[in-house]
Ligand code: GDL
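Take a look at this one chain, the form predicted on its own, written out in structure tokens.
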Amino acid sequence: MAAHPFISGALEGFYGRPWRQDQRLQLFQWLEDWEGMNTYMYAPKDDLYHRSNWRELYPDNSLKELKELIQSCHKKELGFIYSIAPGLDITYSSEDEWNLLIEKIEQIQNIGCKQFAILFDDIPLKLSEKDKKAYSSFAEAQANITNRLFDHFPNSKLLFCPTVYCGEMANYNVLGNEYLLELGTKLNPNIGFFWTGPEVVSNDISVESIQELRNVIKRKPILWDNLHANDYDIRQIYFGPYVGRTLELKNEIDGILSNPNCQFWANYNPLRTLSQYQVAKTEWDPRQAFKDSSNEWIQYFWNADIYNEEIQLLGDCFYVPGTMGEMGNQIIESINFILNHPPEECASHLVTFKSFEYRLNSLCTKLMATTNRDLMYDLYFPLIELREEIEYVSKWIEWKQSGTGEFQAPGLVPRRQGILYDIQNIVHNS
């Protein structure tokens, strides 16, 4: 297997319902249209034949669909990477297991795929009793089987995802992590190496942290970028830009694959701004990239009444983990001020709040009328929850301004209920 060039694109590597075939075809069209994007990686955790049932060959109907997907991707002159994740229960030292792995990859190779990845993420960090007799460590077992794959398929490319795939998992001591150090020594240097940054979901990835990692793994890593991922909390959603990575970071890595929201139509801004980051040379302005991308995204709402400021408001409210955009920050500041100051001091913040409430309600109404129902359903729950919370605050403000009686909550009760919220209340209030 040959060394890989710099890759950039989308990684379908989340837990949850995989994207549909038509959605992937739409993605391929985007990647073809956007300069700087060249790759799609197939790694949906809930494709049974990718992970849980990795030993089993794809049945004819599934294989036919996968072949059509690979062909469609290649017609767009995009790289297609098929990944397999046997780490949950593979016996590394078993020749029978090895033969099953080879047979599976050959099945995918025979339908036109030339790039592969073997993933050992999110698995138990221990060897079976049989493997303990054959290998001195977990890293040695993984390096051995991956190197064998590299040698067995000399005309294909191979990427590798380690079990320790971020700084957090190395206890923030990458230089002293024995597992990573051993992989750096034993894994063929021509095999690509995935890394998510200092955290599983990294808001910022510094050049220095990647340089440190390179000293350990003896190669440039490929970012498996979970910045916009939401499979760990499906009630969250992120429409913001590609942020927290300087242009200099590109000099230290061999590629970036974004593993974004589970909801397909939520990913226009995250992926579009990644493409803009990829082609940027000397200056990178994520905020301007977000605005430009949002103006493009509007065409997929299939409602001519929706205007740019409403789309930007949507993105600002659901930006990136732990961060809101400008309008999101403004509304939080205004609500906080209104709730903690007398009405006579709140005039400007009331204007901000009412303007936000009007635009949000307008957007929700227009979204309900869009003929792109897939997009509507992808965005529905977080947007409706936000509207309910704003309605509650609006009623509270009306009561506070009236100065009379006791506050009567509106019919829509915004405080979420159920076992998860009860558990959270107990934990966070104890």
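In this text, residue numbers run from 1 along the sequence as written. Worth saying up front: this structure is predicted, and the values here are computed from it rather than measured.
The same protein also has a form predicted in complex with the ligand, omitted here; what follows describes it.
J.: Each of 202, 239 and 319 near the ligand in the model of the complex, meaning some heavy atom within 4.5 Å?
T.: No, the candidate spot makes no contact with the ligand.
J.: Choose from 138-146, 294-302, 159-167, 210-218 the stretch whose residues reach within 4.5 Å of the ligand in the model of the complex, heavy atoms counted.
T.: That would be 159-167.
J.: Pick from 334, 276, 259, 263: which has a non-hydrogen atom within 4.5 Å of the ligand in the model of the complex?
T.: Selected option: 259.
J.: The ligand isn't shown here, but in the model of the complex which of 177, 226, 312, 115 has a heavy atom within 4.5 Å of it?
T.: The residue from 177, 226, 312, 115 that makes the contact is 226.
J.: Find out whether any non-hydrogen atom of residue 9 is located within 4.5 angstroms of the ligand in the model of the complex, and reply yes or no.
T.: Looking in the model of the complex, residue contacts with the ligand do not include residue 9, since no heavy atom lies within 4.5 Å.
J.: My question is simply whether residue 232 lines the interface with the ligand in the model of the complex - judged by any non-hydrogen atom within 4.5 Å.
T.: Yes.
J.: According to a 4.5 angstroms non-hydrogen atom cut-off, is residue 196 in contact with the ligand in the model of the complex?
T.: It does: once the ligand is placed as it appears in the model of the complex, residue 196 has a heavy atom within 4.5 Å of it.
J.: Would residue 326 sit within 4.5 Å of the ligand in the model of the complex, counting heavy atoms only?
T.: No - in the model of the complex, heavy atoms of residue 326 and the ligand never come within 4.5 Å of each other.
J.: Residue by residue through 113-147, which ones have a non-hydrogen atom no more than 4.5 angstroms from the ligand in the model of the complex?
T.: Counting only heavy atoms within 4.5 Å of the ligand in the model of the complex, the contacting residues of 113-147 are 121, 122.
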